[in-house]
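As structure tokens, one chain now follows by itself in the form predicted on its own.
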């Protein structure tokens, strides 16, 4: 609701400023050009997203998700101690984080929803987010990105001379955000545990 009000304010003030300066046609031209650019970029991204979503689906059907989940068990057991080792939530969490690591936010979303559904089944108090749900949300939001595929695709579609030059800075920034998310999760979890005593 608030975001809609902010966008309405920005658009309305832009139109009013343009009208005050006698340049309303500039707003119309800019809106049409931006719409055209957005559609062109979206069409160019369809191929990229289809490829990665297809590969992730094949990996899931071939059992690679289970292999990946087993490989990440030492990490997931420490991050999610309340989830039983062979629970379906682990596979969904791992697939979500894997898609995020590949920079495929759109592909990660269905796995994130599935993970939250599975975590909710383990939640003893359904009206309040569990520790595992909070940890997952923090990791999902701040996950390390090794290959920012979607951003590279957008940069390539926009005509960037070197669309992959953001890989290094992306890895550094998202590594830092992941560490901060884990530290904050541990801190607030310990603080909540102290309050319960």
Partner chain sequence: MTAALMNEISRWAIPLLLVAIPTIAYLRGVRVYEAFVEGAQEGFQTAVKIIPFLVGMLVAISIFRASGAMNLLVYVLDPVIRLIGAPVEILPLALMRPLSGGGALGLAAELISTHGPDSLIGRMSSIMQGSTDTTFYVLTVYFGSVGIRQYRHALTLGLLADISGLVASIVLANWLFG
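For clarity, every value in this text was computed on a predicted model and none was experimentally measured. Positions refer to the first chain, counted from 1. Rigid core: the largest C-alpha set superposing within 1.5 Å between the two forms.
Unshown form predicted in complex with its partner chain; subsequent notes refer to it.
**Student:** Indicate whether residue 77 is a 4.5 Å heavy atom neighbour of its partner chain in the model of the complex.
**Tutor:** Taking the distances in the model of the complex, the answer for residue 77 is no, it never comes within 4.5 Å of its partner chain.
**Student:** Would residue 126 show up as a contact with its partner chain in the model of the complex if we use heavy atoms at 4.5 Å?
**Tutor:** Contact check for residue 126: yes, within 4.5 Å of its partner chain in the model of the complex.
**Student:** Look up in the model of the complex whether residue 91 has a non-hydrogen atom within 4.5 angstroms of its partner chain, and give yes or no.
**Tutor:** Judged by the heavy-atom cut-off of 4.5 Å, residue 91 is well away from its partner chain in the model of the complex.
**Student:** Please tell me whether any heavy atom belonging to residue 114 falls inside 4.5 Å of a heavy atom of its partner chain, as the geometry stands in the model of the complex.
**Tutor:** So residue 114 counts as contacting its partner chain.
**Student:** What residues, if any, in 28-43 have a non-hydrogen atom within 4.5 angstroms of its partner chain in the model of the complex?
**Tutor:** Residues within 4.5 Å: 30, 31, 34, 35, 37, 38, 39, 41, 42.
**Student:** Can we say the CA of residue 46 moves by at least 2 Å between the shown form and the other one when the core is superposed?
**Tutor:** Yes, residue 46 moves 2 Å or more.
**Student:** Would you say whether residue 138 is displaced between the shown form and the other one, judging by a C-alpha shift of 2 Å or more on the superposed rigid core?
**Tutor:** Shift at residue 138: below 2 Å after core fit.
**Student:** Given a core-based superposition, decide whether the C-alpha of residue 165 shifts by 2 Å or more between the shown form and the other one.
**Tutor:** Not so; residue 165 is displaced by less than 2 Å.
**Student:** So the C-alpha spacing of residue 95 and residue 154 changes by 3 Å or more in the model of the complex; is that change toward closer or farther than shown?
**Tutor:** They are farther apart; the C-alpha distance rises by 3 Å or more in the model of the complex.
**Student:** Answer with closer or farther for the CA-CA spacing of residue 169 and residue 40 in the model of the complex compared to the shown form; it moves by 3 Å or more.
**Tutor:** It is farther: in the model of the complex, the C-alpha atoms of residue 169 and residue 40 lie at least 3 Å more apart than they do here.
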